[in-house]
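What follows is one chain in structure tokens, specifically the form predicted on its own.
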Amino acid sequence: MPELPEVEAYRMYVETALFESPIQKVELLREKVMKSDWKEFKKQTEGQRFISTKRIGKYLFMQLENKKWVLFHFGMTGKPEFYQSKEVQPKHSRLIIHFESGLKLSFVCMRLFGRVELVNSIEQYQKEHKLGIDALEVSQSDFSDYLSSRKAAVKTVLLHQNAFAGVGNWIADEVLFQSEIHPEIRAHKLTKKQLERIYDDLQEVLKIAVQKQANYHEFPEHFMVKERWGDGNCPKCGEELKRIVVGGRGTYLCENEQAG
């Protein structure tokens, strides 16, 4: 599933060509992905030019000249893809934005869990959908205050999108591995030092993942994510990683390194 680093890579990708030409037409191939009124979507987008982008967590917003925003949420298998001719139209294209230049932007979504939506205000959307601040923008004090006020397992709390938008399953596992914190420890029992370390490791993991454009093979050798699937071993001590379930989510850890 695309998470914060992947969606940031998508944002940078679409910005390479998004602003060059007005939209000639939009084409909907599968109604399931369109969450707005289709006639209104066409009316507000065709003839417009994109002027900026913004990402909040796993959500990609693209602003039009009329100040409306087109929202892409990629679900489990979604991605944006540019192409030129009909002959190379991406498989599983669900919505296509045709530009006057001849370039086309496809919303590719194999399993149809993604969605496209017309949004009037990002702030209003965040409020209505209880979407928190982007995890790369949250302050250390707000982060620590939130965790210390929650009695759930720290792994579960890190996944609260209403607090830290964009922290997905593997990211939470990686952060807790780097912080040497067991994922089942109750958040409110963490010490000030532990909270500060989790925050610092969260920022570091996200920044490296964005820098590497979510290419796991290029992550540092001390990252667990390379070993997370299958019968992997801890990159620090060599012990076999263990899989448990925390808050209904599959969770990987090293019991040797994350004893505290």
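Don't overthink the numbering: it's just position in the shown sequence, from 1. Small disclaimer: the values here were computed from a predicted structure and weren't measured.
Quick note: we don't show the form predicted in complex with the DNA, though the next part is all about it.
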Run the contact test on 32, 92 and 186 with a 4.5 Å heavy atom cut-off to the DNA in the model of the complex and return yes or no.
yes
Using a 4.5 Å heavy atom cut-off, which stretch among 135 to 143, 100 to 108, 81 to 89, 169 to 177 contacts the DNA in the model of the complex?
169 to 177
Hey, in the model of the complex, does residue 55 get a heavy atom within 4.5 angstroms of the DNA?
no
I'd like to know if residue 161 sits close to the DNA in the model of the complex, meaning any non-hydrogen atom pair within 4.5 angstroms.
yes
Can you tell me whether residue 249 touches the DNA? I mean in the model of the complex, with a 4.5 angstroms heavy atom cut-off.
yes
Check whether residue 41 has any heavy atom within 4.5 Å of a heavy atom of the DNA in the model of the complex, and answer yes or no.
no
